[in-house]
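Here you get one chain, nothing else, as structure tokens; it is the form predicted on its own.
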Amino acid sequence: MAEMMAKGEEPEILFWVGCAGSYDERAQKITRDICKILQHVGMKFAVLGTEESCTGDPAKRAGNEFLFQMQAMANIELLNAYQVKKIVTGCPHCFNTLRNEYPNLGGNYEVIHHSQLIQELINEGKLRAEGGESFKGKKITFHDPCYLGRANQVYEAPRKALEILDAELVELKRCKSNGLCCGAGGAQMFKEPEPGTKDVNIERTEEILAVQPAVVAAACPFCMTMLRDGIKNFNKEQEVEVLDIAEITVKANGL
């Protein structure tokens, strides 16, 4: 973004990479694939790079409102200085925080999740699921991330990315507005689970395995970690692949 501003250029969209997309090895692949999609359709985008900091979501969910506001205010100051108008995120947690909690602190932007960007590009005919890997006849199921689905009512966009594949789509027993959390939300990702009879991600994985998919589509780096751990727990890594909506799109389009 700084380099673009120095040249007097303005991006169409700012890609908010997020902590997971920057530091988590598995999520970095999703970050690269979102960039491949943006480059493929010729969309002019920028990233903040080292200037980007955490949105403050984990701090807020864990109850540290003071830290959240400090992180948010620093980000808003930066985004406003760059006159950012539209943001795409690879993470529903960043998406929810930027979209719903930053406006109260003076940060007003049009914020979309990467699945919504993919849906827009499919509708415009810029992504067609041709020329790449075929998902023909493969059984795919989608796990709704809490902050994308129930918190923001985005159910259609990720499914649109799967509908254009020649695959067999199956819904989980608990999906859409009745979806089940992967077990990582609310900053649970960063602490040990409370005592109980079963971890949430194990229960969710059991529901996934019950429909016998070849691919579980995710749209959140937190869900990605929890679902992969769940699949590993049942030694099903060879049979069930966990892929992000962006990765599936890149594979199908041969990018």
Partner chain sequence: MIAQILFLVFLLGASILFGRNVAKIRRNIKLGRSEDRSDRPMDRLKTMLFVAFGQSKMTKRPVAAIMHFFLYAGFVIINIEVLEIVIDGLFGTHRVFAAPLGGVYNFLIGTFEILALLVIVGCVVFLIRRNVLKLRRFSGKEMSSWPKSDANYILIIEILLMSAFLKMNAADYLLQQQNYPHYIQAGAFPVSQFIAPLMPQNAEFLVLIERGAWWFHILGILAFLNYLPYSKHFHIIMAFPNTWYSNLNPKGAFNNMDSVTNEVKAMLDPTFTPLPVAEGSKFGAKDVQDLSWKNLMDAYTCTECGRCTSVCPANITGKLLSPRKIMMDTRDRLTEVGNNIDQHGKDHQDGKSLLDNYITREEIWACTTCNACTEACPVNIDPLNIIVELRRYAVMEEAQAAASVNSMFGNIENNGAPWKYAPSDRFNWAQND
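The structure presented is a predicted model; accordingly, all values stated were derived computationally and were not measured. Residue numbers count along the first chain shown, from 1.
One more form of this protein, predicted together with the partner chain, exists but is not displayed; see below.
K.L.:
Which one of these stretches, 142-150, 120-128, 164-172, 81-89, sits within 4.5 Å of the partner chain in the model of the complex when only heavy atoms are counted?
P.N.:
So the stretch in question is 142-150.
K.L.:
Answer with one of Ala59, Ile208, Val215, Leu38: the residue that has a non-hydrogen atom within 4.5 Å of the partner chain in the model of the complex.
P.N.:
Of the listed residues, the single hit is Ala59.
K.L.:
Looking in the model of the complex, any heavy atom of Tyr23 within 4.5 Å of the partner chain?
P.N.:
Answer yes; at least one heavy atom of Tyr23 falls within 4.5 Å of the partner chain in the model of the complex.
K.L.:
Is there a non-hydrogen atom of Glu52 within 4.5 angstroms of a non-hydrogen atom of the partner chain in the model of the complex?
P.N.:
It does: once the partner chain is placed as it appears in the model of the complex, Glu52 has a heavy atom within 4.5 Å of it.
K.L.:
Taking the partner chain as it sits in the model of the complex, is Met43 in contact with it (heavy atom to heavy atom, 4.5 Å or less)?
P.N.:
No, Met43 is distant from the partner.
K.L.:
Mark Asn100 yes when one of its heavy atoms lies within 4.5 Å of a heavy atom of the partner chain in the model of the complex, and no otherwise.
P.N.:
Output for Asn100 is yes: heavy atoms within 4.5 Å of the partner chain.
K.L.:
For this chain shown on its own, do Gly107, Val154 and Ile248 all sit within 4.5 Å of the partner chain in the model of the complex, going by heavy atoms?
P.N.:
No residue of the spot touches the partner chain in the model of the complex.
K.L.:
For the stretch 42-76, return the residues whose heavy atoms include at least one within 4.5 Å of the partner chain in the model of the complex, in the order they occur.
P.N.:
Read in sequence order, the residues that approach the partner chain (within 4.5 Å, in the model of the complex) are Val47, Gly49, Thr50, Glu52, Ser53, Cys54, Pro58, Ala59, Lys60, Arg61, Ala62, Gly63, Asn64, Glu65, Phe66, Leu67, Phe68, Gln69, Met70, Gln71, Met73.
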